[in-house]
Structures are given as C-alpha cells and as structure tokens.
Ligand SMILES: Cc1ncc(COP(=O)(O)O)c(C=O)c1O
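Here's a solo chain for you in structure tokens, the form predicted on its own.
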Amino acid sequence: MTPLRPGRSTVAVHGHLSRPRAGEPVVLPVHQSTTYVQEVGGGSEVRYERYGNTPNQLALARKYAALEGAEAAIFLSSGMAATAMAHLAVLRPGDHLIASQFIYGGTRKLFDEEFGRFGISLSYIDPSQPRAWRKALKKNTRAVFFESPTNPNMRVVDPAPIASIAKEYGLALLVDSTFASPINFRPIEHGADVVITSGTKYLNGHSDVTAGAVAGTQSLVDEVVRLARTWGPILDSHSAWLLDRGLKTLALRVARQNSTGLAVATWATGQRKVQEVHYPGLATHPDHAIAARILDGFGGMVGLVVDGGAAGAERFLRRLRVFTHAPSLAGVESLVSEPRLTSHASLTPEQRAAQGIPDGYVRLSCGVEDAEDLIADLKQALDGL
C-alpha cells in the first residue's frame, strides 16, 4: 500500500495516520488523571502530569510537531512560558542574545527585566536590516530571536539572511510565529531551530485555553522538558484535550481569517478617518514582497491608526458592536484592542513610537464572522469619529 502524504488540514485532524481498531473511540478521551500506575521495582517511565507525558499531552505534542515539520514538541501553560523555557534551553549565564526590536511587549519585558538576572545580555536590532544581525554579533553570542509576523504591526521578517548567519556561526535560531500559525508559515522550513507559539491563539482558536508550545529537534525539546519539569509550567491534560479539539479546525479557521483579514484591510485602506493600515497582504505594506514569498496566507490580524489619537481610538472602540474590545487574538470571534494598554503597555510612549505604535493604533483580530458584517461594524464606528 502506498503511504499517504497527508496535508496540513489532515494532520491537524488526525495527527499521524493509523488504522483504528474496532471499538476504539473516534475522539481521544480526556484522561482526567494526574498520575498513573507505576511498575513495581521501576523499569518503566514515570507518568505524571507535571512531566508532560500523559496520553493527551503526548498526542497533542506529536500532532503539533508534525504540523511544524519538527522532530518533537512540548506544550506549556502559556506562550510566555514557552518563550522563557525555549530561550533558557539554549542560553547559559554569560551568553549574548540578539533579538529583533519588533516583538511582543511581554517578551521584551522578559528579556529586559529577567534575563539580566541570569547573566544573559541582549542586543536589539531592526530586523528589516539584514546587515544589522551580523554587526550585532559578539564572541559570546549564542542565539538569535525574531517574531514574524510581528505584534502589532504585522512586519514580516525575511528568515533567509538570519538563518544563514546563524548557521555560519553555530547559533540557535528561535522564531515566534504565533501570528502565522503553521498553516501560514513554518519557520523550520526556513532554517529555524526552534519554533515558539502561543497556543492560546490560532492553535486553540476559541479563547478558552491558555497554552504555549515549543517545537524543534528532539534534543532541544528534551532540554525544554527537563527545565519545565523543574519550573513547573506544563499544560494540564484537560487543556491539552481542548486544544487538540481546536486544532482540528485550524486550517479551516485560518483560511477564513486570511480572506477576511485581506477584505477588511483592503476596505480600510480607502477610509478617510484611517491614517494607516498595517497588513502584509497589501502591496503598500513594507514587507509585502517577503510575505508573498514565504507565507501561505496573510493572516487575520489588521492594524489601524484612526483619527484623534488615544481619544479617537476610545470613541471608535465604544461604537463597535461585532468586534469585542478584549485582549488576545485569533479566536473565532473578532476582537479589537489598543496595544498601548495591552500587549505593549509595559513600554514607554517613546518606545512604542519607535516601534510604529502611535496613540490611536487599534489591533483587529478578524474572526470567522461574515466579512461584510465586520466591515459594516468598522464603518459605523469610524463614522462616529
């Protein structure tokens, strides 16, 4: 029998294909147990929920690894836990990390306020300048990190020159691709060693699970598992079951959000009370050529700068009826937030301005509602400015 080469939607539903036995459940049940019977005298692996090796945890990790094209993966209790554990797995005291300056505010806070306590130094560079990565190299540089598409401006980083430098100098390349999901972008295919994602977002897609994941080589994931078993941020089995259920519709949801995001961004471009539109699917976006080359879809995230600064943004938000004003993103429902008060609240106004996040910036997360309804909602809200 010729082996099947399943596509990503098939993998998201089934994981690794195998012929089920008669009487087996079609859906993997929740194993609502934190501990498992151990063989007397040892000899078998200890199964314990904090170790990340329950049936639900392992099934979810295998499926996600297959989606990313990685050897292995591990799920943790949040995207920030995944970011922290992934970096601590490749960095040691005295090491130097080069990071993109366009990153999630929580990640910047982790790097600036916590990594120094571990003796890890940082250099931030403009990821759109390929030569900047090489210029930032030091003798103790051990890893490089970037986020793509970025939060909240949807900048798309070209991975090729960064991967080339990382390979040349033997550096670990870590990439956060939360905004893309493995449906739109798979960093390992472009030379990354480690993929970090907030499973809270597109992987789950229903705003009811907080999770993070790290994918990469088996040796790298083994080190993350070792750290996580000590620090304790492993995802629980019930959340793993819920996230696996969300994964089954990942490809469908992302396809819809790709098309809706493009429709909303295209409409917003012609609106008089919108000063800027940030969306990589637009020809006017600074990284459109890169996005068209490396992404399989442009995503459901759209950034708008509306008239009136912070006060204008507040008036705009109060008039919305279909979009819900709430943090986070990538659920089936459309959300809207102000980065200055949520994702980048830890930065100063000057730091936000340097990242292209002025007052009046609102971040849209397009869900799976009818695009026409979302556009009508945005229109009536803008009319009130």
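Start at 1 and count along the sequence shown; that's the residue number. Owing to the predicted nature of the structure, the values given are computational and were not obtained by experimental measurement.
Only in words, not in the display: the form predicted together with the ligand, which the text now covers.
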{"property": "Proximity to the ligand in the model of the complex, single hit among A136, A163, M80, A251 (heavy atom within 4.5 Å)", "result": "M80"}
{"property": "One residue of L203, A84, A211, I183 in contact with the ligand, assessed in the model of the complex (non-hydrogen atom, 4.5 angstroms)", "result": "A211"}
{"property": "Y104, E147 and F179 all contacting the ligand in the model of the complex, non-hydrogen atom within 4.5 Å", "result": "yes"}
{"property": "Contact test in the model of the complex: A70 vs the ligand, heavy atoms, 4.5 Å", "result": "no"}
{"property": "Proximity of S100 to the ligand in the model of the complex, heavy atoms at 4.5 Å", "result": "no"}
{"property": "Distance check, L329 to the ligand in the model of the complex, heavy atom within 4.5 Å", "result": "yes"}
{"property": "Interface membership of Q257, the ligand in the model of the complex, 4.5 Å heavy atom rule", "result": "no"}
{"property": "Stretch in contact in the model of the complex with the ligand, which is absent here, among 193 to 201, 310 to 318, 166 to 174, 263 to 271 (heavy atoms within 4.5 Å)", "result": "193 to 201"}
